[in-house]
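The chain below stands alone, shown as structure tokens; this is the form predicted on its own.
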Amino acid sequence: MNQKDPSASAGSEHYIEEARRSLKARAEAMRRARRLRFDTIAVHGLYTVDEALDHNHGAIMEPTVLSSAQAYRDSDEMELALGYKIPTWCYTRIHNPTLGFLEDKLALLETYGSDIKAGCCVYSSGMAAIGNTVDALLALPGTKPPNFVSACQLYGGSYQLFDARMKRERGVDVRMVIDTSNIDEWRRNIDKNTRFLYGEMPSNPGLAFFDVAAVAALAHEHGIPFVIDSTIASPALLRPILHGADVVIHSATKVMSCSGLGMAGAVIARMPITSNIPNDELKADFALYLKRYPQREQGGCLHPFQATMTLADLRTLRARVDNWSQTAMAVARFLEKHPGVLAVNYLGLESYPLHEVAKKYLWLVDAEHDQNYGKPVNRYTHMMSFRVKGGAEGTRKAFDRLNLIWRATDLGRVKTVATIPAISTHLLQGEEAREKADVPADLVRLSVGAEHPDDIVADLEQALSAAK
């Protein structure tokens, strides 16, 4: 807001003063919220009693504003609002109050345990969030075409976006890192035209994991941001911004919206981000930049009703992630000993090669303040993958016998879901790319839900008998 804008008429002063009071109240609410525990933030966010009584008829839950547009009291207010000189939501493609409640909550959760300031922009899907982020960081031309460096172990949709849409169709120089744990491989791919580093951790479905702080430090050494997809871990286990990441992306369709009744995406960015792009507005508040420009023109906004659904699911995030992770550990230990299983990828298994680096970063938030624990506790997410003996044919036989476990491409659900990535999420990227990303034909991805572990194990046991 430009308080000294000469274009603001005398009749506009009361709107500017009203905006000052509103922004001051929001800053105070943010300050108070930062003193709360993770679970309390997940329940309340920035939606306060004062907000409810002053603006929302006393409703104790965040209101779902389904109107497509905001009305203004006169031409002065409209001009100030549309010129971004006073807070406004204007039109749901540009912003919406319900989306704002979700964005505030996600920014607070992702920076919990720190004084780092961050902004958030929510989207209609995780892929929309990734697409807008990458496009914005590649948008401004330089003396030579820009490039970016990405981990090869990615969700299939992300890989297709980078390889098919951006590299093959648009000619973007996308440089893939095969061994993400090798910092020198990241370094060799960076040059003066590199715009950002991109990773996914833990990766879907191979459970790749690397040293977040080291990759972030490398990015900053070259004056560029580190962008990370942290969907699988969620802020209940990992908050990459606290380890140096600039931008965190979530497919909020998954763990955050565990009920499986809709789709959502989110970009949470520290303020400011490191970048070699000569755009001060982009660097100062990247999430707001996305909202004001790329999302405004390209669409991809989240529906207010889905924002409400995600807000509701977020209230139990920490407890769910704790419970699902414990169940996943029990299932992984069963699979590790099963004679019909060739190998198990689960970060919690001591035998898994990446266990130690995962143990360094994956901690259940606030476990030390939990009456059940009273000390820091590692948790290793709800997701694993395993290879079935008998090759692709044996894998399909076992997969087809699942009864309790759902055959679907979804994950992060209250229900346990399995898929064979080579014939589903990673089918279109081709055999050569799947080999680089370590996605063989006999690999099953398992997303553990809220069922009792005994029942999940029993279904796996009877299914695996078919592969013998």
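Every value quoted in this text rests on a predicted model; they were computed, and no experiment measured them. Just count from 1 along the sequence shown to find any residue number.
Another form, the form predicted in complex with a small molecule, is not on view; read the next lines as being about it.
Taking the partner from elsewhere, residue 411 is found to have a heavy atom lying within 4.5 Å of the small molecule in the model of the complex. Proximity of residue 289 to the small molecule in the model of the complex falls outside the 4.5 Å heavy atom cutoff. Contact annotation: residue 127 falls within 4.5 Å of the small molecule in the model of the complex, judged by heavy atom distances. For residue 264, a non-hydrogen atom is located within 4.5 Å of the small molecule in the model of the complex, even though that partner is not displayed. Checked against the small molecule in the model of the complex, the candidates 254, 387, 85, 95 yield a single residue with a heavy atom inside 4.5 Å, and that residue is 254.
With the partner removed from view, the residue among 155, 352, 162, 112 that has a non-hydrogen atom within 4.5 Å of the small molecule in the model of the complex turns out to be 155.
Only one segment in the set 323-331, 246-254, 341-349, 363-371 has residues whose heavy atoms sit within 4.5 Å of the small molecule in the model of the complex; it is 246-254.
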